Structures are given as C-alpha cells and as structure tokens.
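Next up: just one chain, as structure tokens, the form predicted alone.
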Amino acid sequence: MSNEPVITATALGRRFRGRWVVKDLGLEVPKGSVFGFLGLNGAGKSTTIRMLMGLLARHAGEARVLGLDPARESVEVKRRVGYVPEAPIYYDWMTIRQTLDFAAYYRRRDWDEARARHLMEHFRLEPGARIGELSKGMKAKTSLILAMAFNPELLVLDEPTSGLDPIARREFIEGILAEYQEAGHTVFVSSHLVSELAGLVDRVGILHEGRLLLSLTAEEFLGGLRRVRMDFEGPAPEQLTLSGLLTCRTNGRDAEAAVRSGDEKAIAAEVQALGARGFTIEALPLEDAFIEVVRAAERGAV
C-alpha cells in the first residue's frame, strides 16, 4: 500500500442553518486502503462525502480528492471516482439496462461493459426490470454497478449496503468489494453498520456530531482498546480509577470497563489495586470498540 493520500481534508467544515454539522475535520486516506468512515446516523458522514464529491460547498477548510479540488474541479472528480450516494436518484421509467446504457454513453471513454454484465449477473438483476418497480435492495445493487463498471480509481460508498438483504450484504462486502480493493484501488466507505466492515477495513475514522474522534489503522485502533470485566467481594466501586478509562458500568458486585490501552499487564496491576476478586481482559471486536468510543464521546471523555 502506498502512503500517497487519495483524499485529504484540512479543517473542513459545513454549516446548516447556522449550526456546524461538520467542523474542523482533518482526514487523510492513503492510496490502496479500505477506509471505514464510521458514525451514527446524523454524525455528518454524508455531508462530508458530498463536500468531497463537490456536491456541497464547504464553509471552511480545504479538501483534495485524487489531487483535485472538488469545489473547482467537480466534473473531473466525478469522472474518476465511483460514487454511491445514500439516496440515489433515478429515472423511474427506465429499465436497468437503459440506466446502464445511459451511464455508459456519458462514460464511454471508461465504461467496461463486460464488468457491468458480470456485476448484473452476480447481483441477479433482470435487465428489463423498470427502476420504479425495483425494491430498495435492487436499486442499491444498480447503484453499485453504476459506480464500479467504469473501474474508477477511487470508490466512495455512502451506506452502500442500505436496503440489501443479509446474503447480498455479505456477498458485496466479502466478494466484490474485497476483489476491487485487492486490485490496488482505494475504497472510502461510510456506514453505521459497523460489524459488516470488520475484517475488511484497514483504516478507521470515527465521526461523531460532526467531529472526527480518531483516524487510525484498524490494527492501531483495536490494539489500543481493551474491555475489563471485574467482580468484587462487596459492591463494585461506583467510580473506577483506571488509566485511559472510556466507559464503565457496574451491577452489584460486577463491573465492566473499556479502557484506551493495550498494555494488559498495566491494566491487570491497576485492577488488582482496586481490590477486584477476579477479572478478565479482552480485545474488542470493531463494532464493540466503535460503540465504546462513541459512548465515551457522548459523556465528553474523548
């Protein structure tokens, strides 16, 4: 993987009705990476992506996509980037085949018809089906074909599996998306369904209320968090004094904490100093790690 950034943002911001919905966002997406842009619904993920695609004006900061300024060079950005919006808009009277032909006409320099046919067969779409009669999941599959059939340098996906059934989601995540990234391309994918990206993303950015909480490699992110489960002779302490504490919950004699540390020996020493009768320390899967960081942010601990 190259260290060359494909997407950069510096102090990027956007206001809606006088309120900052994205503020002071700094971002760097290396070439060849699969970057998981994670956040709850309403965190500002779609707003950020629309600024990167030149579809929304930024009110602060700078951004570059493939070295281009999306505010001034949006046509060239769209030519080189495959983009799946959260809520795509179609001509409902067209069939799937007509929709693909329409896109192929405007992308005739880059369109790969063989790839389009392969994707249509993979997703089991009927070419003659009218867009207006498709389910939400079938429309999502059509969007993915439109974004991928011209072999773009960068794939930007905003909640791409929304509306897909579990089998189709798994096929997309583990099959097509992984195949695309293995060819050396870059994928920037936003989602609030964090579990489906586990094992695929190699970098993670977490956005919360328009603010980027962190941007790390997946290995750094998961390697630097631990969950600690403790039990005590008497009631568990209401306040746990642990280094790097993100969240804690107590229930009678039991307590559970998430800490920003990967040093299990140091964690064990602190837990023993608290007087715990027994304890376990474990790594967190991506979804649990995301939840703990967001919970900590909501109480101002991040």
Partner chain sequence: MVTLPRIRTAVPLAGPLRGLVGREVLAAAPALTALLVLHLWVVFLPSIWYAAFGTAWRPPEPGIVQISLVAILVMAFFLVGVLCGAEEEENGTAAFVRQLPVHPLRALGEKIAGSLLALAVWFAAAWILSTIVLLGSRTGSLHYTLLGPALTWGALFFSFGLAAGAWIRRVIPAAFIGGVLAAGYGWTGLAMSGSQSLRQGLEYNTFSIPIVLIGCAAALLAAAWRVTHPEGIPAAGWCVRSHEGSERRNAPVINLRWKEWTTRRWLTGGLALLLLAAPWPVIWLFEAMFFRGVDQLAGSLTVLLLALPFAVALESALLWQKEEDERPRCWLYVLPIPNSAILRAKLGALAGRVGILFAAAVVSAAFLAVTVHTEAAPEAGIARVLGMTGLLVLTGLPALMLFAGTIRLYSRSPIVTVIASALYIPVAGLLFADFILRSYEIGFGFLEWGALWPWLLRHLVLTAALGAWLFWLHGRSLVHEYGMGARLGGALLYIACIYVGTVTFLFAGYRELLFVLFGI
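Please read these numbers as outputs of a predicted model, since none were measured by experiment. Positions refer to the first chain, counted from 1.
Another form exists, predicted together with its partner chain; not displayed. Remarks below refer to it.
Practice task
Select from the listed residues Arg227, His118, Arg211, Arg97 the one whose heavy atoms reach within 4.5 Å of its partner chain in the predicted complex.
Solution key: After the contact test, the surviving option is Arg97.
Practice task
Would you kindly say which of Ala198, Leu134, Ala103, Leu154 lies with a heavy atom within 4.5 Å of its partner chain in the predicted complex?
Solution key: Filtering the options by heavy-atom distance leaves Ala103.
Exercise for the section: Give a yes/no on whether Ile267 approaches its partner chain to within 4.5 Å in the predicted complex, heavy atoms considered. Expected result: Flag for Ile267 set to no.
Exercise for the section: Determine whether any heavy atom of Pro127 comes within 4.5 Å of a heavy atom of its partner chain in the predicted complex, and answer yes or no. Expected result: Yes, Pro127 is a contact residue.
Problem - its partner chain contact in the predicted complex: Ala273, any heavy atom under 4.5 Å - result: Answer no; every heavy atom of Ala273 is more than 4.5 Å from its partner chain in the predicted complex.
Exercise for the section: Would you please decide whether Phe123 lies within 4.5 angstroms of its partner chain in the predicted complex, comparing each non-hydrogen atom pair? Expected result: Output for Phe123 is no: heavy atoms all beyond 4.5 Å of its partner chain.
Practice task
Could you tell me which of 165-173, 185-193, 81-89, 201-209 sits within 4.5 Å of its partner chain in the predicted complex, going by non-hydrogen atoms?
Solution key: Partner-contacting stretch among the options: 81-89.
Problem - Heavy atom of each of Leu216, Phe279 and Arg299 within 4.5 Å of its partner chain in the predicted complex - result: Zero of three within 4.5 Å in the predicted complex.
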